[in-house]
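Below, in structure tokens: the form predicted alone, a single chain.
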């Protein structure tokens, strides 16, 4: 059956695949026929993702991509890729007056520096096939809006969106496309550390016209579009997935 969204025969790297959006992306890409390489820092949770993948020639590599040695080890063990999906990220709600230098380093190391350095390493080590697609999981925060306590997270995501626009131009001559997905609040464990209360989340959900948060697989479907042949004329784009949040 004809399917322009098929990933059959493509090899796709998914970072931050241990949980949340990253896990959903890996699982859904495998369902669409991709051979998936998953990476993350937590061996046990990464293996849980691996066991959830549909049949295929998949690979799991435990690596800490916030370190140069971790990125080098990952890239060294990668096959040639048709796609790379950068999902690894953290949210650390802090008021401006609470921010310390170590907070800046932690958030930017994971949300911004790691995916940028990984992209450079993939290119310099010739790990990307012709017409490869690079997809970054960004956010509506910092690009379309922000929130109280969200300045640091917003800054890290805004930087990514700026990066992909320049990278899309730099890599267009190689027919490599660079795009991002920009979700609103997704029902994952990103706020599970107790920094946001259940009452705050109940109030937040009222701000969404569709009256719910997004699901990880709904972001994954958008990622699949950007990885597939269906989006071969799409590059430098920030795809908003927010249940109508930014309409209000």
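Everything numeric here is computed off the predicted structure, so don't read it as measured data. Numbering follows the first chain given and starts at 1.
Omitted here: the form predicted in complex with a small molecule. The next part is about that form.
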- Task: Go through 186, 222, 30, 37 and name the one with a heavy atom inside 4.5 Å of the small molecule in the predicted bound form.
- Result: 186
- Message: Quick one: 11, 57 and 72 and the small molecule in the predicted bound form, is every residue within 4.5 Å by at least one heavy atom?
- Response: no
- Query: Does the 4.5 Å heavy atom contact test between residue 88 and the small molecule in the predicted bound form come out positive?
  - Reply: yes
- Query: With a 4.5 Å heavy atom cut-off, would you call residue 133 a contact of the small molecule in the predicted bound form?
  - Reply: no
- Query: Does any heavy atom of residue 66 come within 4.5 Å of a heavy atom of the small molecule in the predicted bound form?
  - Reply: yes
- Would residue 45 count as touching the small molecule in the predicted bound form under a 4.5 Å heavy atom rule? yes
- With the small molecule left out here, work out from 165-173, 75-83, 143-151, 89-97 which stretch has heavy atoms within 4.5 Å of it in the predicted bound form. 89-97
